[in-house]
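Before any questions on how it binds or moves, here is one chain, the form predicted alone, in structure tokens.
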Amino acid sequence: MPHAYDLLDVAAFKDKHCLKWHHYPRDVLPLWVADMDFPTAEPIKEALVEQASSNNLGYPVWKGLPGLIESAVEHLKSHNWHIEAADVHLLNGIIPGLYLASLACASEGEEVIIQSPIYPPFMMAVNETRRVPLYNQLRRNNDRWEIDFEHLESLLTPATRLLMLCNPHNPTGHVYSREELEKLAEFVLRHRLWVVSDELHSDLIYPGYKHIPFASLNPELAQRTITLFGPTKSFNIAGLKIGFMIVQNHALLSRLRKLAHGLVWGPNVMAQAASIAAYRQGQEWLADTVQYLDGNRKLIADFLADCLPQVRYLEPKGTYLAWLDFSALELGDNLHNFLLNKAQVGLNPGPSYGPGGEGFARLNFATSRAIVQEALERIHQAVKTER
């Protein structure tokens, strides 16, 4: 019996007024920006209807709707992280948290370590606040991505203040092990760095792996860490714009709040209602969705092994993103245009993810199996024609 996600209608997507399906021409399959094509969980839709019908669409209190912060605190217990409601600050998304961390933890001209290739707003937050990026490229070691600790040590100068972490990592899908995180924690504490850890994809983890919040490793590290997380990727509600910034150092949290005042607002009431429903009633939907995504990531592995062995791919341990290495095809700077114009597939170009992204493209496989298969077939045919 087919899964409901197998029945998704491409024609209907093309008529949706959303960024993912309107960025490229209609004949291009868009597997780029990190939105799922899956229907929103019913409890979330019901919560939105109820909120809209409540005649309560005015300004929310700064602590959010009743139960909002509590739902996040309760949810994080499933990640073996116990925090207090007082540690949580509401944001209208995760990206503002990266900017606030850059402003709060480093001064203009001081240095921020970035583990590239990385989601572009990490670099934007550093460059646009006039901080100095120090790139420490992740390296591929056989069947895994890993931090280059030797190079990391060599980057440090007296002006280095902040380290940016993405766990699970976007775009590689790497989920850091406890051993890796503890080694990184030792480095952070020894050099007295601040950390901002984007853990937005932390509920999208595949069997055999486990997400460990960086700040949960020990109390001293928690005092130096800003954690960003939320329901938008896991529950496919990115357009509602909500995020949680968790800081157990309340002096640092106070500084972040002062910087945010008047510039970074909290989430609207609809986003808040959706978030409560997601964390309290959406777990069955999430488990089913992760299981489906697991099948998609394996489909990609099997197809590439059989038909496109030139394209290297490590199955992600988390996220719904495939980081594809096309460098063996020697297309250079023409890779994105080749995929777009020859294969008619819209992926994220690797160079936009900073050093280490050359020759790569990011594919979002949070869609039907048929659409993933069609995209891969298009790439395969384009490569055959080109060669």
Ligand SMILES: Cc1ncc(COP(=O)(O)O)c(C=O)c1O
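Start at 1 and count along the sequence shown; that's the residue number. As the structure is a computational prediction, the values presented were derived from the model and not from experiment.
Absent from the display: the form predicted together with the named molecule. The rest refers to it.
With heavy atoms only and a cut-off of 4.5 Å, decide whether Phe214 touches the named molecule in the predicted complex.
Contact with the named molecule, no.
Interface membership of Tyr176, the named molecule in the predicted complex, 4.5 Å heavy atom rule
Judged by the heavy-atom cut-off of 4.5 Å, Tyr176 is well away from the named molecule in the predicted complex.
Proximity of Phe235 to the named molecule in the predicted complex, heavy atoms at 4.5 Å
Although the named molecule is absent here, Phe235 would stay clear of it in the predicted complex, with no heavy atoms inside 4.5 Å.
Even though the named molecule is not shown here, does Gly93 get within 4.5 Å of it in the predicted complex, heavy atoms only?
Contact with the named molecule, yes.
Could you tell me which stretch in 77 to 85, 132 to 140, 272 to 280, 193 to 201 has residues with non-hydrogen atoms within 4.5 Å of the named molecule in the predicted complex?
Result of the contact check: 193 to 201.
Counting non-hydrogen atoms within 4.5 angstroms of the named molecule in the predicted complex, say which of Asn170, Thr227, Ser102, Gln115 makes the cut.
By the 4.5 Å criterion, the partner-contacting residue is Asn170.
Could you tell me which one of Arg297, Lys241, Arg161, Lys317 places a heavy atom within 4.5 Å of the named molecule in the predicted complex?
Contact with the named molecule in the predicted complex is made by Lys241 alone.
Though the partner is not shown here, which residues of 10 to 47 have a heavy atom within 4.5 Å of the named molecule in the predicted complex?
Residue within 4.5 Å: Ala34 only.
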